[in-house]
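For reference, the chain that follows is the form predicted on its own, supplied as structure tokens.
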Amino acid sequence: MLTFGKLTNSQDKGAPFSPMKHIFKIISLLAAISAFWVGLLQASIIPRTHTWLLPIYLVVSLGCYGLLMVGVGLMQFPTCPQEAVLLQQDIAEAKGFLKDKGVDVGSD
């Protein structure tokens, strides 16, 4: 049973998505990027002024990637006409219930 986004003890073992695996992947990726950056600083392959700017370039690139993914997600967002009709029915039912209780719900 999934409760507020946390796994219960019965699901911890063998679960397809484990929060610890995700955290471990993120930490591993950060360690690899940091090691690569320190290696570039030590080797002096790239001028030192450019090497110091690499973390800033990485953050800006990740921000652009995030914005791109949000834009793509918005462009591919599915429309659900059936769900819209059900939502309107639920709203009408809730308004009727509240009117029966004496609550003013607007002009509609």
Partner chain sequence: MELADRAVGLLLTLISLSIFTYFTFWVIIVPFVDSDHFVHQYFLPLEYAIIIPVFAGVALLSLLSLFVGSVMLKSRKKKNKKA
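Since the model is a prediction, treat every value here as computed from it, not as a measurement. Numbering follows the first chain given and starts at 1.
The same protein also exists as the form predicted in complex with the partner chain; that form is not shown, yet it is the one meant from here on.
Enquirer: Can you work out whether residue 43 and the partner chain are in contact in the model of the complex, taking contact to mean some heavy atom pair no more than 4.5 Å apart?
Expert: Judged by the heavy-atom cut-off of 4.5 Å, residue 43 is well away from the partner chain in the model of the complex.
Enquirer: Hey, in the model of the complex, does residue 61 get a heavy atom within 4.5 angstroms of the partner chain?
Expert: Result yes; residue 61 sits at the interface with the partner chain in the model of the complex.
Enquirer: Taking heavy atoms only, is residue 32 within 4.5 angstroms of the partner chain in the model of the complex?
Expert: Looking in the model of the complex, residue contacts with the partner chain do not include residue 32, since no heavy atom lies within 4.5 Å.
Enquirer: Taking heavy atoms and a 4.5 Å cut-off, does residue 39 contact the partner chain in the model of the complex?
Expert: Outside the cut-off, so no.
Enquirer: Across 57-92, which residues bring a heavy atom to within 4.5 Å of the partner chain in the model of the complex?
Expert: Counting only heavy atoms within 4.5 Å of the partner chain in the model of the complex, the contacting residues of 57-92 are 57, 60, 61, 64, 67, 68, 70, 71, 72, 74, 75, 79.
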